[in-house]
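One chain follows as structure tokens, the form predicted alone.
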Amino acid sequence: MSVDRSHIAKNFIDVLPHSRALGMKLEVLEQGKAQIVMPYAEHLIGDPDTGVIHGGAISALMDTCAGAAVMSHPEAGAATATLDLRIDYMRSATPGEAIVAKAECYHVTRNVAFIRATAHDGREDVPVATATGAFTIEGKS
């Protein structure tokens, strides 16, 4: 039986301290898919000489987006945690531009959900980073 758990994922993101600190805004959340935007901000800069956002902020964005995709998947559980997340950085983000993360939970087993994700700064065809990962699932109905 499939269950819509999108409200659980949305509430979870809204209360995460790091999501608020990084300014993350959930834009899309549907069955197994999520999109979160992180606006450009001075406190996120990793290299003051170039103004490029720190990779750690992008990692946190992608991890949060992937977790939201898992939590909203109709066959996943109500809770999740990252087991493994591989992020490949393709290029530096453009200074001054927001970062958009998109994630899809494409396969769910009894205990593990699998995701793929991308992050871009307005140029979807040339991502800033891509990711694949595995997440635990708990409370599966």
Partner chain sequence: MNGYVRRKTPEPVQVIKERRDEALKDLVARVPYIGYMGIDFDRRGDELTALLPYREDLIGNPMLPALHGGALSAFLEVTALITLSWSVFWPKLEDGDKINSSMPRLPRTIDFTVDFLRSGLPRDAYARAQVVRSGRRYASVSVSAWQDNHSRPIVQANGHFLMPAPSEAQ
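Positions refer to the first chain, counted from 1. Treat the numbers as computed from the prediction; the structure is a model and nothing was measured.
Keep in mind the form predicted together with the partner chain is missing from the figure; the text below concerns it.
For the chain shown alone, H18 is a contact residue for the partner chain in the model of the complex, at least one non-hydrogen atom being within 4.5 angstroms. Although the partner is absent here, V37 is not a contact residue: none of its heavy atoms lies within 4.5 angstroms of the partner chain in the model of the complex. Using a 4.5 angstroms threshold between heavy atoms, L29 stays clear of the partner chain in the model of the complex. Put simply, T109 is far from the partner chain in the model of the complex: not one heavy atom of it is within 4.5 Å. Figure note: of the listed segments 99 to 107, 29 to 37, 46 to 54, 112 to 120, the one touching the partner chain in the model of the complex, with heavy atoms no more than 4.5 Å away, is 46 to 54.
Contact residues in stretch 73 to 102 (any heavy atom within 4.5 Å of the partner chain, taken in the model of the complex) are T82, L83, D84, L85, R86, I87, D88, Y89, S92.
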